[in-house]
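Only one chain is included here, represented as structure tokens and corresponding to the form predicted alone.
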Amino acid sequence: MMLDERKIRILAAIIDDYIATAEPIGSRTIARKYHIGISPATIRNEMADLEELGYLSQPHTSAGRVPSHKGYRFYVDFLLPSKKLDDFEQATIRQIFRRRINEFEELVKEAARVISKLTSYTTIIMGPQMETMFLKHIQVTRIEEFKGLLLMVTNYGTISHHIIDIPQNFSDSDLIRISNILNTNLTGKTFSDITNDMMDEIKNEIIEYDKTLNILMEILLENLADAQDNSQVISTGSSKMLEYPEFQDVEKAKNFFSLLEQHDLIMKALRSSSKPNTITVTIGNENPCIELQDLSIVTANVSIDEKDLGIFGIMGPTRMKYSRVISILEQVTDYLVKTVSTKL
């Protein structure tokens, strides 16, 4: 059965009201609040039809109806109202991109924090894939007599910097020599290209200059390993989920926080639900992972000229404020693309 205009209006009213209140919606509420122009009895009949078609469900015999996952999907695909961000929201987003944040990773973290702040949902980011990230520049410089700074820059911007100890007999020319050797051998290589054999060859080359340089090389190897092994998944705003009735149950809240620690599962969910440069909404049982089927995820897979900038995911209850979330995510990712484009 195709949905006629009256059923669509009733379905939209029920979903809008349920998103706002988290309470099952009865026919009298619809008649009183939404002025559809028909009696509560007629609305009840239409609601019964929508339930039979799978767009609504009834938690208890005497209760009103709530949207099903199928109902939310219809709403997102065909009924979603456009949401214009207000001046405060736009100013909050602009502010983080006006700050002079040179490191890509920190910029992305700030963007995630502002998304979570404005949406009141959990934001999850998955960094660029290692296979598309390559080293652009490596530099070792002295910052104090026995302290140095190791700086590694990728094609996405600065990825890491580390304070390192410098042996007493090291000169500035030794540090320049190490920087040159590392750049000659490693720039243009992805992290997956950098094998242990390659690092051993570089290590041998440095030993030829001075055995003392081997000490610093060990430190550099450790830092490169740290950069490669860093977790690709970062979440922020997880505590905000406790504000929603769906997560007032202690067991449900524990399961959610446990879920956020399962990075492999989160990465699988973000990858499977996202499409390049597209906002994608995955609702409830559309998630391939059973653990996520009580949630909705809105994702943006961001890239520039086929360079992967990572995936932003917003996770919340299925009665998510979809229109608002999508507008905020679009605005943030647009600013991110424009900001990073000037640096690549």
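All values derive from a computational prediction rather than experimental measurement. All residue numbers are counted from 1 along the displayed sequence.
As for the form predicted together with the DNA, it is not shown, yet the points below apply to it.
Undergrad: S57, N277, N285, T29: which sits within 4.5 Å of the DNA in the predicted complex by any heavy atom?
TA: Selected option: T29.
Undergrad: Find the only residue in L53, I304, C289, A63 having a heavy atom within 4.5 Å of the DNA in the predicted complex.
TA: Partner contact (heavy atom, 4.5 Å) among the options: A63.
Undergrad: Is the gap between I328 and the DNA in the predicted complex 4.5 Å or less for some heavy atom pair?
TA: Because no heavy atom of I328 falls inside 4.5 Å of the DNA in the predicted complex, the answer is no.
Undergrad: Q293 near the DNA in the predicted complex, any heavy atom under 4.5 Å?
TA: Residue-level check for Q293: no, no contact with the DNA.
Undergrad: So in the predicted complex, is the DNA close enough to M47 to count as touching (4.5 Å, heavy atoms)?
TA: Answer yes; at least one heavy atom of M47 falls within 4.5 Å of the DNA in the predicted complex.
Undergrad: Please check if I25 has a heavy atom lying within 4.5 Å of any heavy atom of the DNA in the predicted complex.
TA: Heavy-atom contact with the DNA at 4.5 Å: present for I25.
Undergrad: Just one of 313-321, 277-285, 38-46, 294-302 has residues with a heavy atom within 4.5 Å of the DNA in the predicted complex, so point it out.
TA: That would be 38-46.
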